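So this first bit is one chain, no partners, the form predicted alone, shown in structure tokens.
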Amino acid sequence: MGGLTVSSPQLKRKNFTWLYFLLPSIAIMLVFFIYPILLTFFYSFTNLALTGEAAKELKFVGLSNYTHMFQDPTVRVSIWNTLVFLIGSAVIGQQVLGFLIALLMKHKKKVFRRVIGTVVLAGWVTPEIVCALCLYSFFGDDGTLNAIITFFGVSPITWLYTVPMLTVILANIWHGTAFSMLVFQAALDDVPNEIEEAAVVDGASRLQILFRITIPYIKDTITTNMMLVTLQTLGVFGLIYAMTGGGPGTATTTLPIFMYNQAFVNYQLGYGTAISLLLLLIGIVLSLFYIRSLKE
């Protein structure tokens, strides 16, 4: 029994050896994630600015930034635009379209999968600013879309002015659908063929197989992908800013656009950080909702 005894200092060293391997990750999290959030939280209670008297002396202003934010009608418009952009491009657009493309590619020949996959991936691998310029040229007054409809005798339409939100939604769908397609393609390949074949033998239709077998089988993947796409879409800035600048007026002003305008156009960094925390709060609430859905 004496040979099995381990001294207390040796036992403590063994119990905490794993901590040494986590120290680099913990340090990175503290420096690049926790510290910026705490600093942003502090600045949201100040009058931090880039110009003017506030830039000379930092003052604690309490909840005035938040009071002003919830009284600002543009904030309500930005929240609404953010939700419309989120539902249109992430929930309905990327999620549904990505799933349909992956479903259509299932059991197809490799050549077909490679061609369709390459076409869809082209939008995803294209940098966001390049994607914005391409779609701006497509929807512009003298763009490709107007050239096509003019060829069929239809009068040109000022798409970026008439339906600006629709244009940025379609642009984000084209830019991000490939991610959902790849996720769903991997999930659909894991659905056992034996279950689907047995359902066919029992007389099940394709829609019954889809809604009663395929979708329930990959529901965790659907929820996970929805969470990732939602968080990515909440932070979309360059695509909208390059195409419309948040206009015309506030028609496409989402929370990231409004935050940027307040912080770096109007130079009110304190107010801009308060808006960024509102955006962070929305992301946290949606993440908790998706995590709870995964547990259920």
Partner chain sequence: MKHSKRKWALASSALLLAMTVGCSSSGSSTDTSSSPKDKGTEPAPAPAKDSGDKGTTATAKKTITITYRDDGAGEKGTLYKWIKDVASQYPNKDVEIKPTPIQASEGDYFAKIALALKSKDTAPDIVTEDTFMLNSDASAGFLEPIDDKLKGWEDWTNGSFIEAMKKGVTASDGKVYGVPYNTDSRGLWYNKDIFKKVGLPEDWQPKSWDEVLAAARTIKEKAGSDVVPIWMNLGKATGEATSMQTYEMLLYGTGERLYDDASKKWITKSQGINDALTFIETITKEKLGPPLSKVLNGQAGNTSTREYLPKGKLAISLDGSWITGNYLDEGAAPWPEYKDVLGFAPMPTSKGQAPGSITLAGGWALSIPANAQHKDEAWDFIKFALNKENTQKLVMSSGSITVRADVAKDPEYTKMPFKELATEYLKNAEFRPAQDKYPEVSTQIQTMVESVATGTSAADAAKKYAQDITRIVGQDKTLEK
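Positions refer to the first chain, counted from 1. Only a predicted model underlies this, so the values are computations on that prediction, with no experimental measurement involved.
One more form of this protein exists, namely the form predicted together with its partner chain; it is left out here, but the text below deals with it.
Contact with its partner chain in the predicted bound form, defined as a heavy atom within 4.5 Å, holds for exactly one of Thr221, Gln185, Thr126, Thr214, namely Thr221. Contact check at 4.5 Å (heavy atoms) against its partner chain in the predicted bound form: none of Met105, Lys108 and Asn193 pass. Between 111 to 119, 200 to 208, 157 to 165, 86 to 94, the stretch whose residues reach within 4.5 angstroms of its partner chain in the predicted bound form through a non-hydrogen atom is 157 to 165. Under a 4.5 angstroms non-hydrogen atom cutoff, its partner chain in the predicted bound form has Phe33 among its neighbouring residues. Although the partner is absent from this view, Phe60 stays clear of its partner chain in the predicted bound form, with no non-hydrogen atom inside 4.5 angstroms. In the predicted bound form, its partner chain lies within 4.5 Å of some heavy atom of Pro73.
By the criterion of a heavy atom within 4.5 Å, Gly238 is excluded from the residues contacting its partner chain in the predicted bound form. Shown without its partner, the chain has Tyr271, Thr273, Ser276, Leu279, Leu280, Gly283, Ile284, Ser287 in segment 271 to 288 as residues with a non-hydrogen atom within 4.5 angstroms of its partner chain in the predicted bound form.
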